[in-house]
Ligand SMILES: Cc1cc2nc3c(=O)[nH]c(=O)nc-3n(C[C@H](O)[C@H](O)[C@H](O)COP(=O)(O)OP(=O)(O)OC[C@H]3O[C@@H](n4cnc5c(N)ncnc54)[C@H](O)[C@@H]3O)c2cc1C
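So this first bit is one chain, no partners, the form predicted alone, shown in structure tokens.
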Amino acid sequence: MKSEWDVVIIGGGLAGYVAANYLAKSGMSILLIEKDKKVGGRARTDAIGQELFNLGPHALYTKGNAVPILQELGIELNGKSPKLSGLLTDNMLEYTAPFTPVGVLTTRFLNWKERIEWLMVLWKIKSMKIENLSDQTFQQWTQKMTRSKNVQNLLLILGRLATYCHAPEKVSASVIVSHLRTVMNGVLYIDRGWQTIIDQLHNKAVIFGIQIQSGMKINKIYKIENTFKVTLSTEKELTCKYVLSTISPQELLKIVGNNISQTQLDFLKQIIPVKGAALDVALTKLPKPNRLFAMEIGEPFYYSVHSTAAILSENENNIVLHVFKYLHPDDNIVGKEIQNELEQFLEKIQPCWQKHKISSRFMPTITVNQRLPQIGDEQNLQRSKLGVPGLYLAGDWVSSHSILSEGAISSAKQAAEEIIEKEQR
């Protein structure tokens, strides 16, 4: 590995690889560094026996910003959209989920007045100006939209489903409603998992001549005049004109040290990650084969069978499903208790599922997104991105208008284009 580069990209996840593929066309020398031995970040897919498990439930918005960017890079996205029908549960009660026309007409969860109100709210979401919601929380917005507790609960459920955020009193309504609007156009479950996206991006990057170094950490970044010095865990020092960081705010703080302003330091320190607990399960069969999707009304639980829409097993008859708990930032996480909760929720939807289990994996806390989107983040993010000339940011936390893969992929393209424009000037 040579010591001088035009661009050093930190992080080999979605954002890092998307940025690398755009930068590759510029003719600059590019090095991508990933701390783990395996690239992919949270888009990694693990093979356990014959089954392919994403890190918890993953879905790609079919009409979001990420899909056209990936397609522009020549990435093939194979898979199908899951059906929108399913169940809502409330302790031992079960209701048809009103997420389809038939569901709205048949559900016992809503009375006739609430059904009309629910349809009106969904119509308003599609037509409202998102920028007008930047000064209110998602909880405040739901209360303004409807007085019906049932309709409010449906909005909270959809908010969790679209963004994984379970803190309506904290999150920005503009970001959550924006994602609600996008998720209403459908999602895609990816054949053979999200690793296929990473693998394609990786292979194209290699063909373009980008050097990729995995299993290596960065200890420090500092700037001398117009040149960055990047110190690796091996004590080797690199020099480059531009650094593109796609790592978390907490990791960034550790390596930039005092090279950013106090205002930027304070903002990075206060960023809260979005977390969840995941139970990934493979079964030989579903005890109740028609139950493919369910969410709890009063508790933040999710269940979905992903293998009906995507190829996730070498055996076409096997089932791969995900059970998930959306965690609140203030939750006290006790792994065994959460595992019991998830298994009991699955038991309620699929009684005696343990008899058909092939394998399972429980993760008590996974970071779903690096930033819980809050009111005022837009201005703080803009100041952070303009802090150190030549240091660019991308990732699921960097975009002020979107999170998850939408934020990661769109911010990566934007950062790469800004570097190319700066270099051309």
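We number the residues from 1 along the sequence you see. Predicted, not measured: the structure shown is a model, and the values here were computed from it.
Heads up, the form predicted in complex with the ligand isn't pictured, but that's what we're talking about next.
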Review point. Is P373 close to the ligand in the predicted bound form, meaning a heavy atom pair under 4.5 Å apart or at it?
Key: no
Practice item. Indicate whether the ligand has at least one heavy atom within 4.5 Å of a heavy atom of N380 in the predicted bound form. Key: no
Practice item. Classify A408 as contacting or not contacting the ligand in the predicted bound form by the rule of any non-hydrogen atom within 4.5 angstroms, answering yes or no. Key: yes
Review point. Should I366 be counted as a contact of the ligand in the predicted bound form, where contact means heavy atoms within 4.5 Å?
Key: yes
Review point. Just one of A43, L391, L31, L52 has a heavy atom within 4.5 Å of the ligand in the predicted bound form. Which one?
Key: A43
Point to revise | Site test, Y95, R291 and E296 vs the ligand in the predicted bound form, non-hydrogen atom cutoff 4.5 Å | key: no
Practice item. Would you mind picking out the stretch of 106-114, 142-150, 243-251, 345-353 that comes within 4.5 angstroms of the ligand in the predicted bound form, counting non-hydrogen atoms? Key: 243-251
Check your understanding: Going by the ligand in the predicted bound form, which residues of 7-22 come within 4.5 Å of it through any heavy atom?
Key -> I10, G11, G12, G13, L14, A15, G16
